[in-house]
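Just one chain follows, in the form predicted alone, and it is written as structure tokens.
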């Protein structure tokens, strides 16, 4: 059974195995591959080995806090409490505040109480199916992020509701890893947490990191690249986890408005910004919002950029990254402006 239910195929980091093409730098690269949060992770940095030890320990700690399947995790204890307040760790409180704020900001497009519906669709297990409409309607009655109460170190969830922080757990974890790297004096690093790419500084030779974005129409290929420094690059898309039934594709990003896979004109949304947590939350929220609302959402904020792929095969790129963006596909590109 999956621990985190927002599994993503990796964006492709175009630096030949992350950092190996930069090996002429005077400081040696250290790296670590691990499996956590139900996904493969790669950490590479120019600095002391102990930074990776600390980062790996921190990842395991956060997995223990955020897991929806481990019975002793913070989230599982909240879900099993049947409406009784539960005392949780500081990380859980911080991530819940961020997720609930995004729920409000997106008008409910991001809702962390969708877990029972995800489970009913089968996205938390191997056997997936389209639930009967009456089942979806009944479970929707238990979906409402606004019903989650967080006070100091206590969380209370109405009986019958369940939380799942899969839409932001890896983004929050990426931020935590980068904090450890900075505390250890590392100025150049890149990590991939199940496809959530985050960079620290530039490559040791002074050039920008180049991140490839998966082509949702052909997931084994990239459709474009983006050059970044000190940024998170996080994607949500229909190609990540899906199944087919009766000739139709059904994907795992559900719309809280009706309980069905979000189908609002977008098949892939990549968010680029300073915070992995925010980018992770935004990538899901914007996907659910759809083309027009996502563009409006971007115009209302000035702290992130995005790359959208529409269902009719167009690339929408926000103006803040147009100069660092390269289209490698045959899809026409449109630059979104704030005016």
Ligand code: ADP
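Positions refer to the first chain, counted from 1. Since the structure is predicted, the reported quantities are computational estimates derived from the model, not experimental observations.
The form predicted together with the named molecule exists for this protein as well; it is not shown, and the discussion that follows is about that form.
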* Pick from 148, 167, 78, 224: which residue has any heavy atom within 4.5 angstroms of the named molecule in the predicted complex? -> 167
* Since exactly one of 197, 177, 189, 114 fits, which has a heavy atom within 4.5 Å of the named molecule in the predicted complex? -> 114
* Asked: So in the predicted complex, does any heavy atom of residue 284 sit within 4.5 Å of the named molecule?
  -> yes
* With a 4.5 Å heavy atom cut-off, would you call residue 252 a contact of the named molecule in the predicted complex? -> yes
* the named molecule contact in the predicted complex: residue 157, any heavy atom under 4.5 Å -> no
* Asked: Does residue 109 reach the named molecule in the predicted complex if we count a contact as any heavy atom within 4.5 Å?
  -> yes
* To do: Establish, in the predicted complex, whether 236, 240 and 288 all lie within 4.5 Å of the named molecule, using non-hydrogen atoms for the distance.
  => yes
* Asked: Picking from 302-310, 28-36, 49-57, 276-284, which part of the chain touches the named molecule in the predicted complex when contact means heavy atoms within 4.5 Å?
  -> 276-284
